[in-house]
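The data below hold one chain only, encoded as structure tokens and taken in the form predicted on its own.
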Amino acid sequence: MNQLLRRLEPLGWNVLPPVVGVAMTAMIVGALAAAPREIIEGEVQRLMYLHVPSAVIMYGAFGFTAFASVMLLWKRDMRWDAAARSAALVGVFLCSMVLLSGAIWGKPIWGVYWTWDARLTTTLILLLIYVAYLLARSVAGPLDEQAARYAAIFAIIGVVDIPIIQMSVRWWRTLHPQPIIFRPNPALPDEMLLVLLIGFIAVASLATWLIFLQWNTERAAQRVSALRAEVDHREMA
């Protein structure tokens, strides 16, 4: 793992920042200028190019949190705890973006910013689950293995909400439409699909970069905590 991290670290500092900048600029320009205006929903529909990629990448961030939590329980390596917390924080950020952009999009279409729609409600529950995970984990120190294991179990259980969110439009009657993108014949013109693809690249690269930065912060906190414990031990000796 150490060798892999050393090889990937230069990418986080040298490659990801320009990729994020170019991709985010391309997404904004594409969404505002290149993509055609949607006939029924109008200009507000342009939020789709941020809303949909944020939702999908959010699933990936929380999924990685669960994966890292499993690895923590298996390997007992606190670096996985740092990775899980970093991905969870970015997932919470993306989930907040999904709910905020959805509220702005929903106001002119549904007439309200918020309704207790099945997909909205289950997404809000997902946000609260991982906010609770982060709060519970922050109570203990960066190197508290027992707290990390308990939080990891909570993170693994929380990821079960993701398939419920995804299937909610099929299981219950909701205001959200049936999927129009991820199917054999997407009901979108090619220009919209291209900008949406750029949106996925932009949000994915941004999320990866933010996780990398937060992981470095978490690892630094762990090293500081270890040094402090070593100094305290020597002073007591």
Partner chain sequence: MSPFLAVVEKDLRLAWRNRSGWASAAAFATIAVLTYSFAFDLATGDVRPLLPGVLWTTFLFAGVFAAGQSFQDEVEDGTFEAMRLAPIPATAIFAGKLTANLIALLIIEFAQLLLATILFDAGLFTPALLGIVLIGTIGYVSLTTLLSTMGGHVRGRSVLLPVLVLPLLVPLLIGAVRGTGAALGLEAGTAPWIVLLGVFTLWSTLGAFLLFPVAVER
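Residue numbers count along the first chain shown, from 1. Just so it is clear, the structure is predicted and the values come from calculations on it, not from any experiment.
There is another form of the same protein, the form predicted in complex with the partner chain; it is not shown, and what comes next is about it.
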Would the partner chain be touched by all three of 136, 150 and 158 in the model of the complex, meaning a heavy atom each within 4.5 Å? yes
Please determine whether residue 75 contacts the partner chain in the model of the complex, using a 4.5 Å cut-off between heavy atoms. no
Would you please decide whether residue 169 lies within 4.5 angstroms of the partner chain in the model of the complex, comparing each non-hydrogen atom pair? yes
I'd like to know if residue 128 sits close to the partner chain in the model of the complex, meaning any non-hydrogen atom pair within 4.5 angstroms. yes
Does residue 118 make contact with the partner chain in the model of the complex, using a 4.5 Å heavy atom cut-off? no
Taking the partner chain in the model of the complex and a 4.5 Å non-hydrogen atom cutoff, the residues of 189-228 making contact are none
Under comparison with the form shown, the C-alpha atoms of residue 166 and residue 125 in the model of the complex shift by 3 angstroms or more, placing them closer
